[in-house]
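One chain is shown next in structure tokens, namely the form predicted on its own.
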């Protein structure tokens, strides 16, 4: 009985000490260090994944996610750095979380492509969504781009200006406007180059869609890109960002203006060439297949694995103008509980799915 009493006292004392440490700020959780610089070993230097660490709070989870990306063999990541998170008031920047993500990524030998967007309350009219930005706010966004590029000079060399502006939802529930996007792009590009002339500005990131002319939901990406060029976009970006989802089709299926598939990217490339912009590369900043058992655009898990590996290899062997293929999405901090969970390579609890192991095997051996 005496032993039981002492154990209870020990437990109670431990709880009290931990509670006191927590209250007075002495307990900070486990110490996480950046660690020595690593290098990605891979057969295919064009491989990439979206990491989605925007809402990941715990540093050890950020580090472990990026370690697993390196261990899989993907040198590229796209990460989202929302304007509203990092500039809560005009001119006041809070980079703590962004620094943590970027520094861990660089330590793992990963190249970061930063997607910039998501409007703070102070920069948009009341009762609008966080994706709404009219021309009155373009200079505020350009100022954020300047601040981001300046802060991460030498650490982040690629930035994406906005995301899928050819969709009504992503354009703030307004009618899409290629000329308006080009004006936003122009101002952001100029400010980015003021901060760092070497930074690479990615434009477009258009959603692949067959939306007919006049659709309330958006504009066909091929039409939108051509109208960007007609609005004078060419001088205001260095690389075109492309989204290249495969839906139910294998990656080798030929391009067709009436089909959303992986090789639709070649039609995008034709528009660039026809507009005298063929000297610029493309980075596919979103792509992939989904293996949800009931989604109409999904494939079987084995097909998803085969198609993903074949797409990486296709870009390596066939597309010298394609700098990277960044698949959506490596891992979510928490389950989406929708079909989106079936795009991931790793579960939120870090359990690798079969696609992770097979892509890792491909990266190490070069065997599809």
Partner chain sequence: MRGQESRSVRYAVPRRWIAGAALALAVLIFLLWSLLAQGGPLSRDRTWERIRAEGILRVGLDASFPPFEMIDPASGEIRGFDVDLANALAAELGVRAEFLNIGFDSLYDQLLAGRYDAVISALPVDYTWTEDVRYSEPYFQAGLVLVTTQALSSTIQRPEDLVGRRAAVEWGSEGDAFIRRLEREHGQVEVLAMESPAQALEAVQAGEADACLVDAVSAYQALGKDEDLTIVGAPLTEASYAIAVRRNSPVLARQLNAALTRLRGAGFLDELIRKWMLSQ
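Bear in mind the structure is a predicted one, so any value in this text is a computation, not a measurement. Positions refer to the first chain, counted from 1.
Unshown form predicted in complex with its partner chain; subsequent notes refer to it.
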- line: Heavy atom within 4.5 Å of its partner chain in the predicted complex, from candidates 311, 324, 305, 53, belongs to 305
- prompt: Just one of 339, 332, 328, 319 has a heavy atom within 4.5 angstroms of its partner chain in the predicted complex, so which one?
  reply: 339
task: Spot the stretch among 244-252, 96-104, 217-225, 285-293 with residues whose non-hydrogen atoms come within 4.5 Å of its partner chain in the predicted complex.
output: 285-293
message: With a cut-off of 4.5 Å between heavy atoms, is residue 357 one of the residues that contacts its partner chain in the predicted complex?
response: yes
4.5 Å heavy atom contact, residue 351 and its partner chain in the predicted complex: yes
- prompt: At the 4.5 Å heavy atom threshold, is residue 39 in contact with its partner chain in the predicted complex?
  reply: no
task: Mark residue 45 yes when one of its heavy atoms lies within 4.5 Å of a heavy atom of its partner chain in the predicted complex, and no otherwise.
output: no
